[in-house]
Ligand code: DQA
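The chain below stands alone, shown as structure tokens; this is the form predicted alone.
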Amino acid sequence: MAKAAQRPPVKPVLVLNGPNLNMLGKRQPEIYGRETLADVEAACRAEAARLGLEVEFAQSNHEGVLVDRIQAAREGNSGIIINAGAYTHTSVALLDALNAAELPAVEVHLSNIYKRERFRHHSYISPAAVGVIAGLGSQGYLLALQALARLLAR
């Protein structure tokens, strides 16, 4: 009797956070909430387990470190969830890295960037994303995981 073909294991999803996200819960809680980045990570790990995924977390305040991590994701990850923080609005380098990674990426913002200062309304990284989630707080990360789980299951 022939054995059913098994899918190769899915590589972990990279959850990548940019500048100042290490200050979640302390910095402007009226905008970003009181949850810490550790709280967001714990919620994502629980949701990923529920979805049958693994996640890797990284955060940096340095653009080049974020670019390096995205480049490494090309081989080591199955998709990317990225909250690039302020680099969203300034970094062509992150856009180029995401395009070069050739992985499905979901852009996440805790706040609704369209209700904020005008300069935040433009995202340099959106053209490389399969979707953008903004304004739903940390739930956006969980929704991004659900979306990637569906995409990766195809």
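Residue numbers run from 1 along the displayed sequence. Keep in mind that this is a model prediction, so the values were computed, not measured.
One more form of this protein should be noted, the form predicted in complex with this ligand, which is absent from this view; the next part is about it.
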ask   = Non-hydrogen atoms within 4.5 angstroms of this ligand in the model of the complex: do 14, 45 and 146 all have one?
value = no
Heavy atom of residue 69 within 4.5 Å of this ligand in the model of the complex = no
query = Hey, in the model of the complex, is residue 32 touching this ligand, heavy atoms inside 4.5 Å?
reply = yes
query = With the partner left out of view, is residue 77 within 4.5 angstroms of this ligand in the model of the complex by any non-hydrogen atom?
reply = no
message = I'd like to know whether residue 111 contacts this ligand in the model of the complex, with contact meaning heavy atoms within 4.5 angstroms.
response = yes
key: Single option in 26, 116, 62, 50 placed near this ligand in the model of the complex, where near means a heavy atom within 4.5 Å   = 116
key: Residue (of 58, 86, 95, 37) lying close to this ligand in the model of the complex, criterion heavy atoms within 4.5 Å   = 86
query = 116-124, 50-58, 98-106, 37-45: which one contacts this ligand in the model of the complex at 4.5 Å, heavy atom to heavy atom?
reply = 116-124
ask   = For the stretch 48-81, which residues lie within 4.5 Å of this ligand in the model of the complex by non-hydrogen atom distance?
value = none
